[in-house]
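Only one chain is given next, in structure tokens, and it is the form predicted on its own.
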Amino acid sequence: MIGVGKIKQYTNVLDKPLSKGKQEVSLSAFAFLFSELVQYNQTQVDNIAELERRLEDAGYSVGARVLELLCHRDKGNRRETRLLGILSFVHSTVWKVLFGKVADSLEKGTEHEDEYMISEKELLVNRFISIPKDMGTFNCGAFVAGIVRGVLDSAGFPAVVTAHFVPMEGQQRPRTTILIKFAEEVLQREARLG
């Protein structure tokens, strides 16, 4: 057969390379789906802490899959082995894929050596959520905390990850801070690596 330009003919569908596909999801579609996730879980629990735990569990599986996808697609199946490398990966690459931009800030805790914080002025999952007064301090950021924990655990950096509201002076809505507290084994490994 005579080749036509640069178009390559494939005899078998299995020989075709995988396309990256469309990289964006409609914001309204995500908001609707996330709202349904929150509402469904809200009917299954008795208190706010349990609801946040369920959202975190849902986010955990997303985080594990996001790590696999990004390592395969962008890093040639290589993973970060250093603490600052994985934090930078989450702060920039993972955040950009999930939310379309790099997180507002990544900071090291001042009181404890094993704590780091990722802060976001207006976290997407909290943007369109109105919290009833009877739910008090409910934070949908627990879903994102679960994603971060899923990424870190799957990469070999076990940590406790929680979402917190932090009031900002002059702002009506508080910012969301994702607090990461690494396991002792991570810090010991980092010390050995130098």
Partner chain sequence: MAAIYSLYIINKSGGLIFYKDYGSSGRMDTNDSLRVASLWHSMHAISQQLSPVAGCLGIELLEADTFDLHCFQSLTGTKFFVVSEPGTPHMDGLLKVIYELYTDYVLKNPFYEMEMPIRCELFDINLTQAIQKDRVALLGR
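In this text, all values refer to a predicted model and were calculated from it rather than measured experimentally. Residue numbers count along the first chain shown, from 1.
Below: the form predicted together with the partner chain, not depicted.
The partner chain is not drawn, but in the model of the complex it has a heavy atom within 4.5 Å of residue 138. Contact check for residue 172: a heavy atom falls within 4.5 Å of the partner chain in the model of the complex. By the criterion of a heavy atom within 4.5 Å, residue 155 is excluded from the residues contacting the partner chain in the model of the complex. For the chain shown alone, residue 127 is a contact residue for the partner chain in the model of the complex, at least one non-hydrogen atom being within 4.5 angstroms. Contact with the partner chain in the model of the complex, defined as a heavy atom within 4.5 Å, holds for exactly one of 45, 69, 131, 166, namely 131. Residue heavy atoms within 4.5 Å of the partner chain in the model of the complex occur in exactly one stretch of 143-151, 61-69, 156-164, 28-36, and that stretch is 28-36.
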